[in-house]
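Take a look at this single chain, the form predicted on its own, given in C-alpha cells.
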Amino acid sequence: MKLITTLILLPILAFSQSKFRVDNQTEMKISEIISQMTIEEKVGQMTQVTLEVVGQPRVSEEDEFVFDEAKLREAILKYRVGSILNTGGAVNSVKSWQGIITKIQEIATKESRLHIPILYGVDAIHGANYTKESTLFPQAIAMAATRNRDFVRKAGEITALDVRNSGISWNFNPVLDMGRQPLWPRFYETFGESVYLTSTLGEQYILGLQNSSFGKESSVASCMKHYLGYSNSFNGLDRTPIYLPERQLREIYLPPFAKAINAGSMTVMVNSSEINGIPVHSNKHIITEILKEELGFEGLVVSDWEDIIRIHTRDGVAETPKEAVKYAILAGLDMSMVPNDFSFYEYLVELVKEGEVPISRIDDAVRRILRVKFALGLFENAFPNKSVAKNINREKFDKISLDAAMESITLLKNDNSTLPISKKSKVLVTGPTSNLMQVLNGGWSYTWQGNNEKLYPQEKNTLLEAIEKVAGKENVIFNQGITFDKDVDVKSTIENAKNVDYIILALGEPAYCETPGNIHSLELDEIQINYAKELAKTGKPIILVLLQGRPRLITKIVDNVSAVFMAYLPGNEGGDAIAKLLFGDGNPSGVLPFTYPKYQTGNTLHDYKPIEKFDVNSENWLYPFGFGLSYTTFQFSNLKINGSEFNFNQSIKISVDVTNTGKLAGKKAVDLFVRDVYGSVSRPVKELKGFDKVNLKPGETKTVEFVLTSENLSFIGRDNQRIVEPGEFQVMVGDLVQKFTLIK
C-alpha cells in the first residue's frame, strides 16, 4: 500500500461556477406566485403528460396531429398540468408544431387562474428530429468520433434554433451516460467510454442549446440525462439492474453531470433503473444529497417515462401506487413524466393534504419548475416566436451536418491503400444497410424507433444513391443481396461481382431505440457474417461499411475484407459523407470514441487497470480507443512539459508537434493521455485528459498545446472523496511519453 503523507481534497466541482440560477428579482416573483397557489395548482405544475393524452388517435404516422379540445382543456384547467411532452405519435411540420404550442399556451396563459405557461418538452436527440423541416446530425457517438468541439456546440445551437422555431422550449438531451457497455441499446446516444470526452462534449452541447449565438429567443433548456449510472447495465439490456460502488459512481458516472451543472444545465432526468437494489427514482441519496446539496443543482428534476408508478408496478418497492409517489417526491423528484393519465396528480394532492408529504417539499419543486419557465422567457412570451425563423439557413446547417459526418467516419482498415477508389472503377453496392435512410439515423428519427422510411426526406441520399451521385450510375451495380433476416438475391449478387473492380458491402443494424433495441450478443447476425464470407470467395476487394449504433463484432470477417469504415449513425447527410470519402472527395479523420471489441466478453477499455495486463492478462480489443486511419500519414514529435516538478496549485503545460508526412492534406485528432503511476487506489494505465484536432497540408507541422490542473490529476480515494496525491505522472501522445512529479 502506498503511504500518503500529503494530499489535497478537491470539491466535486472544481471549475468555474456558472450553474443555473435566476436573479433575486425573479426569485421574488416566484415566491409571490407560489404564495397565491393552491395545493392543486402546485401539484399540477409538477405533473407532466404526453401529447397523446390530449389528442385524437392518428390513423398512421404520416397523419398530422389533431387535438381533442375537451381533453386538452381538462388537462390544463382541471388538472393544472405544468408540462406536456412528446409528439402525438410521430414527427410534425413546423406549421403544425406552432399550431399545437399556440393552442396549448392560449389556454394556459389566458384561461387558467394564474396564467402560468406550459413547459413543453421533446427528445431532440440529433437535431430537431421530430420537426420535419429540421437538420439531422450524426448521433452523439459519431459526434464524439470527430474530436471536434465546434461541431458539437454548433449542433446544439442549430438544434435549439429548430426546436424553438417549432415553439418548443425544452430538449431532453444531452445523454451523459457513459458508453462502456457495448450491448446497451442506447450506446449510440452517448459520447463514448471516456469520462473526459463525455464531460467536455456534454458541456459544449449544453452551451450550444442554452447560450445560442442566435440569441436568447433561439435557445432551449437542456436536460442532462440519465442521472445516474443508467448505462452501467449488468447484462447490457435496457432498464435492468445496476451494481455500482460509490467510488465507481463518483469516478466515472458523476463527473459528466457535475460538468453539465457547471455549464448551467437547467434540468435533469433521472435514471429509469435501480442502483444496488434501490430504484433511482426513490433514491434520496442520489437525487437530493448528491445532486441538489453536494452539487448545488437549483434546476428542475424530472422523472423518466412512467418511472414513478413503476416503483410499485415493476420494482415491488412501494406497496401501492400512492406510496410510489410519496417515495419519489421525498427522494427529490420535482416533476413526474406520468405520462398517460392524471394519477400522479390525484395521489400527490392526497398525500399533501394527509400530511404525508410536507408542503415545503412541494414548494421547493414548484420553485424549481418556475425558475426554468422564467429563465426561458415563457412568462414574457410563451408562444412560438416567428422571428426565430430568420436565423435558419437550411443549406448552411445541412452542410455543417455533412462536414460533421465526414469527420466522424472512422477508417479502421485500409490494406494496400485500397481506399480511396477511383471514380472510373466499377463497383458493386450490396448489403442490408446499403439503400435505407433509417440505418443512417437510428432511433429518435421522425418516430421513436426511427424505422418508418416514408417519413425520411426524399431529397436525402441513401448510401447507394450517394455512391451513384459521386461515381456515376453507369459505374455502379446494385444488388441488395440480403436483408437483416433473409436472402434476397445472393446468387445474382455473386454473379454480378465478377464484373466489378470493388465490392462495397454495407452491413450493420436496422433502426432501434431503447428496450426494443436489446440484443443478447454483439455478434453481427449470422446471415450478414455468412454473406460477407461468400462475397470474399469472389476474390474481389471488399470495402466494409458499418452502419450501426454500437460495435457489432466483425472479428470473423475482418480478415476477408480490404478496408473497413466505421460509419456509426451519421445522419441524413451520412450517405453523401461516406460516398465522398470512398472516392477521395475527402480524407477520413474520425477516431474511435470507444474500444472496438474483438470478442463477446473480456473487452478491455482504454482506461484499464494494471491488473488487466498482469500475468496472462493482456489488452483485448480489435481496435483501441482513439484509433483511426487517414489517406495520409502523420507523425508526433517533441512532446514537452514546461518543467519536471509542480506543486498542487500550478498548471502544467504540455506541447507536441504534429506533422503531415504524407502527400494529401488531412486532419489529425490528438489525444492526450495521463497516468498516475502510483496511487493509494489502483490507477488506470492511461486516461484521456485532453484532445484537439489539427488540419495539416502535406509537409506541414503544427504545435498542439494542453494544460493540466490538479482537477485533471485527481481521483476518488479510499474514503470516496476526490483527492490529488503527490508522486510520479506520465503524459502520453501516440507512442511518445514524458513524465513529471507532483510535489507538496
Ligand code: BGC
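What you see is a predicted model; the values in this text were computed from it and never measured. One-based numbering along the sequence shown.
The protein also exists as the form predicted together with beta-D-glucopyranose (BGC); that form is not presented, and the subsequent description refers to it.
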Legend entry - Contact flag, W305 vs beta-D-glucopyranose (BGC) in the predicted bound form, heavy atom cut 4.5 Å: yes
Inset, instruction - Answer for E514 alone: is it within 4.5 Å of beta-D-glucopyranose (BGC) in the predicted bound form, judged on heavy atom distances? - result: yes
Legend entry - 4.5 Å heavy atom contact, L85 to beta-D-glucopyranose (BGC) in the predicted bound form: yes
Inset, instruction - Considering only heavy atoms, tell me if D123 and beta-D-glucopyranose (BGC) come within 4.5 Å of each other in the predicted bound form. - result: yes
Inset, instruction - Choose from 98 to 106, 369 to 377, 219 to 227, 458 to 466 the stretch whose residues reach within 4.5 Å of beta-D-glucopyranose (BGC) in the predicted bound form, heavy atoms counted. - result: 219 to 227
Inset, instruction - Could you work out which of W170, Y188, F257, W444 is the residue within 4.5 angstroms of beta-D-glucopyranose (BGC) in the predicted bound form, going by heavy atoms? - result: W444
Legend entry - V338, M269, V91, V591 - the one with a heavy atom within 4.5 Å of beta-D-glucopyranose (BGC) in the predicted bound form: M269
